[in-house]
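Only one chain is included here, represented as structure tokens and corresponding to the form predicted alone.
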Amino acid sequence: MIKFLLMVNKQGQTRLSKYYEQVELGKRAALEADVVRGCLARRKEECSFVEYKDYKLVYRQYAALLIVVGVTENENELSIYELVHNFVEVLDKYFSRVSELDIMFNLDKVHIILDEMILNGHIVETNKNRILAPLLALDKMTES
């Protein structure tokens, strides 16, 4: 089960955080700081799977953005690794070469995409066209 997803830049600033279990606000900041610091400190040659406290962390870096997913011990790391890649491909398809600024200024749309893919910590959709369908319908409604 997915416990959280973080999207941060190389400076460690959180651009998106989504939690699928209750975590107190005070503990979130400390958790995010530890997780991000640990992932950013790793070299590119090292594995993208890290054990951290009660979580397994799966992370992937795209240009200036780092996406970190915290999962339970029994979750398949490779499936989460591919989920992250699929998430970035969907963002690229919608934003035409997604950037950090796209995420910052369209956070609501990024959350819609993420909510279409993950529900209560479980992967529910991976088809790019189905994921983008509700967002494209909203875009059509706002145009007219």
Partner chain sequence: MSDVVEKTLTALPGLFDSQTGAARITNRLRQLIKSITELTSKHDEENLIKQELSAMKEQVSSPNTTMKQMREVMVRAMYCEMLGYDASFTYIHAIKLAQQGGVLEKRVGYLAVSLFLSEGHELLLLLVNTVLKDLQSTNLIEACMALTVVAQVFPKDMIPAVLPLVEDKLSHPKEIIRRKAVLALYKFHLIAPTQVQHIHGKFRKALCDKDPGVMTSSLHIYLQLITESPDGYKDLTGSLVTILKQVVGGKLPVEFDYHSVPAPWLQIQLLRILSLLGREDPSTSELMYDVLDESLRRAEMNHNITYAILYECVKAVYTIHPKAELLEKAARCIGNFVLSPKINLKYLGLKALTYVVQHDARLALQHQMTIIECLDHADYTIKRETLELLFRITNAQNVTVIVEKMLDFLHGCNDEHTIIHLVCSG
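Residue numbers count along the first chain shown, from 1. What you see is a predicted model; the values in this text were computed from it and never measured.
The protein also exists as the form predicted in complex with the partner chain; that form is not presented, and the subsequent description refers to it.
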- prompt: So in the model of the complex, does residue 40 come within 4.5 Å of the partner chain, heavy atom to heavy atom?
  reply: no
### Query
Given that the partner is absent here, does residue 33 sit within 4.5 Å of the partner chain in the model of the complex, heavy atoms only?
no
- Should residue 69 be counted as a contact of the partner chain in the model of the complex, where contact means heavy atoms within 4.5 Å? no
In sequence order, the residues of 33 to 53 that place a heavy atom within 4.5 Å of the partner chain in the model of the complex are 42, 43, 45, 46, 47, 48, 49, 50, 51, 53
